[in-house]
Structures are given as C-alpha cells and as structure tokens.
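Encoded as structure tokens, the following chain is the form predicted on its own, with no partner shown.
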C-alpha cells in the first residue's frame, strides 16, 4: 500500500533538514528522503562560515544585491536558531558570533578589500578596514606581512558536522517518515505526486520539495552542477586562532577541541570524491602564509565535497509548477542560508506567501530549463 503524506522532501543535507524541521513544527506530515549514505551531503564538506559580508558576488547587479541581503537576513536569524536547536536536541553546534577577518598581503589586495567594504556598507553591512597591526592585535598569530584587513564583526561560524547531527536528531524526534535511500523516479500529476526509491518503495505526497545536492540526478546538470572542493583539518592549540580568517590562498576556521579547518579549492563540473593532494598542499601553503605557525601543525583529516552550483551563482527557491518546489543550488552558502531558506519556503508551501527574496531566486528566471525537469 502506498504511503501518503502532505509533503515529501528529497534531500537530507542542511537545507532539506532545516526545512523539514520548520514544516514539522507547523504540523505538516512529512516524508524525508535522505541519500546521505550513498551521496554525502555538501554539509559534510562545509567549513560553516556565516559570512555574508564576503558573499555578495562579483560584478554587482540586482541579483547579487539580493544574495547579500538574503545572507544578511539569514545571519540575523542564526543566534536564535542555534540556541533553539541546541536546547531542542542537546547537541552543541559550536556557533560562534565573533566576526570574520579578511586579510591582505599587498596593496592591490588591500584595494580589493576596500572596494568590497564600500560595496558591503552600501548594502547595509557592518564592515570596516583596519591596519595589519590592528588585525594582529586581534589575532596575534597572523603574519607580520599582512598590511590590512577587512573586519566584519557580525559575521560568524558554526560547526556544520555538529549542525547536521543536531538537525537529524531534531527531525527524528518528530513524527516523520525517513527513507535513507536515493529517489529514482518522480511522477507528477494534477492530484499530487509520487516518489519511488531505488529499492522500489513508492510514497505519495500532495507536494514535493527537491532539496538535493549537486549530484542527486533529479535536476538538470545545466541547472545545478557540482563544484568540487578539497579541504583539510589540522590540530592547533586551543585559542591559537580565535575567529575565521579569510586569506588570498585559503580560509581558516577554528573549531572546538583545537581543530582548524582550512579550505577550500574550487573545481567546477567534477563529481568525484577523490582528494587532490596538490590542492591540499596549496591550501596548507596559503594558510601558513597567513599564520606561519601552521607550518608545524599536525594534519588530522583531508576530504573533498561537492557544492551545488548554479548558472548565476544564486540559489533556486520557489515553486516549479504542479506541486513541485525547488530549494536547490545554495553553492557554498547552504549553512548560512538555511534558516532563511526554511522560513521562506515553509511560508510559501503552507501559506502561499512569497517573500522578496523568493521572488529574486525564483526558478522562473531560468525559464523552460527549470520547469521542464519537473513539470
């Protein structure tokens, strides 16, 4: 007998799980398809930066302004979201609202940061330029060769792996049917839709949300494609680096327990999970340039992940027709965007309300490409 639910969410990463939690809290009956055991979620490879001050895109334009505003709104939701999730599950997700430093070694790099600061300020961001000495006063381990830095005091970070554990615990505690496998086929009809797993189990739902990653197989590769990224974690003395540092060759994200994540390379179109040793070496070199003592740090782990990219670098959020909704393509900002994405998509699905952000990121901007896959 086919099981029937209000909503089926396909995707068990941070976007799918955060939306699932929001919908469940509002009383929706939910089926969740999580192929994480077969296709690792992008969340596993993320560093957890919550840094909209550095993410409004190159070249400007209305879409990138909207991307910054969306990220800034998501950031404002994070303190309350983190506290509620920790209280609900008892899982500490290591949220840190202690700011982000973007550093420059040359005058040209400093000029780029100043231009970014002007742009971010014009969009309402709280940023300022500081000298190399001021940056070292905040982070004494920084290289003496750093000449300037962009300081974003409201930007933050979280441990994405702990976040995923907490979200899975939150969803599991509620009434939700969990299918730990890949969806092989979706059939959409006027009265609803059905999802069939690779093992042959079929679930019917009034509405379906596609929230899978870059290689789910349910979205056109022209619409959502993989951007491979390598990263590495090293062991440091607790407190040696206290906040996120973004350097030209790498970013550094300190986590609890003396773990420092260094990321991340970018290679569009590759969907394999083999670690590139040369990319790891380049990341370590960039990190050591910013913090020289890291040259002696012991490596803990290296890995690779697949970010879900889109043609214009912005997420795809909204209704794609015939009871199908898309929450795709958050690229490297899925962790940052999660609370705002869930809030807006839940309001759209349950209330029919569309936010300004959803209008900016609507699937319709890709025309027939977005609709043809799911119509």
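Just so you know, these numbers come straight off a predicted model, no measurement behind them. Numbering follows the first chain given and starts at 1.
If you look for the form predicted in complex with a small molecule, you will not find it shown, but the lines that follow are about it.
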Quiz item: Here the chain is shown alone; which of 218, 245, 127, 104 has a heavy atom within 4.5 Å of the small molecule in the predicted bound form?
Solution: 218
Quiz item: Do residue 334 and the small molecule share at least one heavy atom pair within 4.5 Å in the predicted bound form?
Solution: yes
Exercise. Report whether the minimum heavy atom distance between residue 10 and the small molecule in the predicted bound form is within 4.5 Å.
Key: yes
Quiz prompt | Exercise: residue 208 in contact with the small molecule in the predicted bound form, heavy atom 4.5 Å | solution = no
Quiz item: Just to confirm, residue 48 within 4.5 Å of the small molecule in the predicted bound form by heavy atoms?
Solution: yes
Quiz item: Can all three of 71, 151 and 223 be found with a heavy atom no more than 4.5 Å from the small molecule in the predicted bound form?
Solution: no
Quiz item: the small molecule isn't shown here, but in the predicted bound form, which of 176 to 184, 83 to 91, 199 to 207, 292 to 300 has heavy atoms within 4.5 Å of it?
Solution: 176 to 184
